[in-house]
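Coming up are structure 1 and structure 2: the same protein chain in two forms, each one given alone as structure tokens.
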Structure 1
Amino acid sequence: MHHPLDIFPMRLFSWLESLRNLRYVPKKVRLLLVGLLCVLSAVLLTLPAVSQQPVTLKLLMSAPDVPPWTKHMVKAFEDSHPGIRLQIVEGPNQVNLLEDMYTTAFLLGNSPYDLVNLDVIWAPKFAAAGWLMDLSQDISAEELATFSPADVEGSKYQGGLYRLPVRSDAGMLYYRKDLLDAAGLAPPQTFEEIEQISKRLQDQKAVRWGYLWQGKQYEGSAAMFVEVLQGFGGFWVNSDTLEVGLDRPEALRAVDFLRNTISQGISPPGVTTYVEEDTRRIFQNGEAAFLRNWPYAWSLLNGDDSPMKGKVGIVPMVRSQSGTEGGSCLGGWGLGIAKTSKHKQEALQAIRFFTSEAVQKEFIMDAGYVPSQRELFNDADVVAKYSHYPELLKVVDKAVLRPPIAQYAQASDILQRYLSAALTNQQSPEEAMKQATEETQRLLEAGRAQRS
């Protein structure tokens, strides 16, 4: 059977011929009808071409992340999905500015982006605001089972699934393997052992500092504190009950530990102003025994020009002797779909492609990111290039979430301010954490009142 558009040109000529033969119709009317038919034919004849145009998906991401995507992955996707194009919009370097750009686009009511590149801590806010599609009916349990459990949990909000993890991240403890081996010491398993080993190596003049961590008032300090809090058996916000635990004894012991590292000279006095790169550089110069940082630091520490090459080991973040289990703060990025997108099915195809094991493997081999697909941590090719990945899996498996609440950004700001006040002796830990708890409770109660 012919499609109506296939036989339209033949019928058009027949209709035009008929119009010319209608002598009783005034000439002006005949000309008008011919003109209308010509316009109609032009419109209808372009419909097949329009319908065959590829769908273009737009994705905004920070500038440093763009090259690894455009180098291989975008072309591979478009080659395997000829009906879909992916347009990556290069955003600012700073991820907080990227979040602001997404937020502004959504608040204007019709975001130009189909895919959303989500930091794990953005998912609850974006989901609660109604900006993301719930993917729980589209992604099967079998598909989710291939990812690291913490990465999946970090993609959920109140029972819905709002992203799939593209790459993972988790805080961990770097240590001077050469120094510990020479001293006959095992890697520390507790915060107390970090203090003891640090003092021993400092007394021996093997290192200037013991333990480096991120103490500046910014999101990195919140991520760092989540790990210490977990190690002492405490919690920040219970996302189910919205109970705040910052003034509990476990949290106060966590703050005391950090303060003590400074007062005892284990950590430098300037640690309360340090971000990741500050601590990484000091450690890489051979000045410290232990470093809390993210996986990205491994390749820098082991670069050909690094004095620490081959001298560093990693372990999951430790716990206190009084705590039950340590935990590494979960980071990482994933893809969601904007609720305003008109191309959900195409966007789903893109998400499945970019989170697949084969594509993630190429991403890792090229850019050295941490996979979210568990099998890749022990893949022979990956391990041949990154020998520490099996150990890194132990870190990711012990990852803990920052509170998955819609008001996370505001809650984090509160914690950062009062934690900084306690660490710099502007307030006592008890006073600072009490005020942090009260302010966070008011924030959560206001959010609950708005929703009810």
Structure 2
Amino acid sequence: MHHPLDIFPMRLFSWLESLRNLRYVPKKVRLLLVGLLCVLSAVLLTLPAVSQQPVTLKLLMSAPDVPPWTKHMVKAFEDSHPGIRLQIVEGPNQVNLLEDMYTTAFLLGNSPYDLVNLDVIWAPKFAAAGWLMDLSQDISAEELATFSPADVEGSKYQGGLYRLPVRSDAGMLYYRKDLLDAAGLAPPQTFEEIEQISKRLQDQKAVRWGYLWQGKQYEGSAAMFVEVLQGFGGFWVNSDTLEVGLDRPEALRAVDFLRNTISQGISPPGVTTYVEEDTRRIFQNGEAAFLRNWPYAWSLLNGDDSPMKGKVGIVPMVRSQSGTEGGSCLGGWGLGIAKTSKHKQEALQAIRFFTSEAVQKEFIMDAGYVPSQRELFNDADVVAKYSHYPELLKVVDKAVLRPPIAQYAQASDILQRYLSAALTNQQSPEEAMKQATEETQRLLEAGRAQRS
């Protein structure tokens, strides 16, 4: 059977022939016929484009991140880009397991994912391995200037640009405002005050636990530890000199602080197995006075079904009495394109859509994301819902980066292992942090030798 479009040229020819024979037909009628013919041709010529299969872009992300995307945003994207479909694949909750999934896919060759949802710490590794497209020629300096510099910095590697930030992140301290107000206490400014206030509220039986943090051996513990280190005046890796600071007195004091919260009963013994969501749930149940977590927790803690709704305050991460400045760890997520994707143009359209100010605003209002588009921190609707966002911009601007080095995943793995050993009393803090330092130094030296 002939497809109607296959026989169209033959028909057209015979119609033209008949038109010629119709030269005695009045001019007006002929013009009308030609006009009709043009309209018909236009319709038939656009048919193949309309009937073409849409391009499907695949994107893997951790399961708790999926709902805000699949609720409205994927549909909004597909509606405004009729030739593109976006398939979100749910990955594991913990970010390092998600990283392992991407890594395995890339190592096997043809990654099934076109878009890559990149944690701020992954760009150097993924770029150095050649897994991502360099977008520096596609994104103009004007476009980049609307994002927070720290988020853009975390997207670059050796002059290339490998992701655009969809959202930023910065560790925060949540506190029970209702309990502190009742006790006439201001929010703590130091780790030592967290300990003192916790003990007081625990003694009064106002709460079971004082302070909740992420102590499981995974990436979240590295992010949490960066903040305690900063607060005690220490550092992990100096990315310029590649000096490692994990066995310095400041770092040992930071480990001691965390260990003491457990030994004094301020933090539950289970804290060494907790990830973000474990700590958020316990705090949301009203069982603790303080919580270290990312800003996403705010919307959940203040949700209609939360017993903590309206009872929580939030401040930037504190410092130690012995340190000079506290610091939040910079987190955040962005989209890059897999080198093997056959749909670069469509993927770029998706990246522009999801990183745009309008779409970020939807994500923020819905899920409490932290903007990477700077204007949004002071947007009237955003501030009406989250009054702390103008303050959060300052926190993001001052946030501490985890070392932006290509061997970050291994460096983090070393820290996670030895920190966990020290927190669970498998090794003394001195011994653990000495070994962590030496292993990290060996790793960085091997990287240096490879480059030279």
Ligand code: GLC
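Residue indices: 1-based, along structure 1. Everything numeric here is computed off the predicted structure, so don't read it as measured data. So that the term is clear: the rigid core is the largest set of C-alpha atoms that superpose within 1.5 Å between two forms.
Checklist entry - Do you think the form predicted in complex with the named molecule is shown as structure 1, or as structure 2? => result Structure 2.
Checklist entry - Which of the following, F377, W236, S168, V318, is found at a hinge in the chain, given the rigid-part motion between structure 1 and structure 2? => result Considering the domain motion between structure 1 and structure 2, the hinge residue is S168.
Item to check | Relative rigid-part rotation, degrees, compared between structure 1 and structure 2 | outcome: Here the smaller part turns by 21 degrees.
Checklist entry - Once the rigid core is matched, what's the CA displacement of V95 between structure 1 and structure 2 in angstrom? => result That residue's C-alpha is offset by 4.7 Å.
Next on the checklist: Please give the CA displacement of Q137 between structure 1 and structure 2, in Å, after core superposition.
Outcome noted: After core superposition, the C-alpha of Q137 moves 8.2 Å between structure 1 and structure 2.
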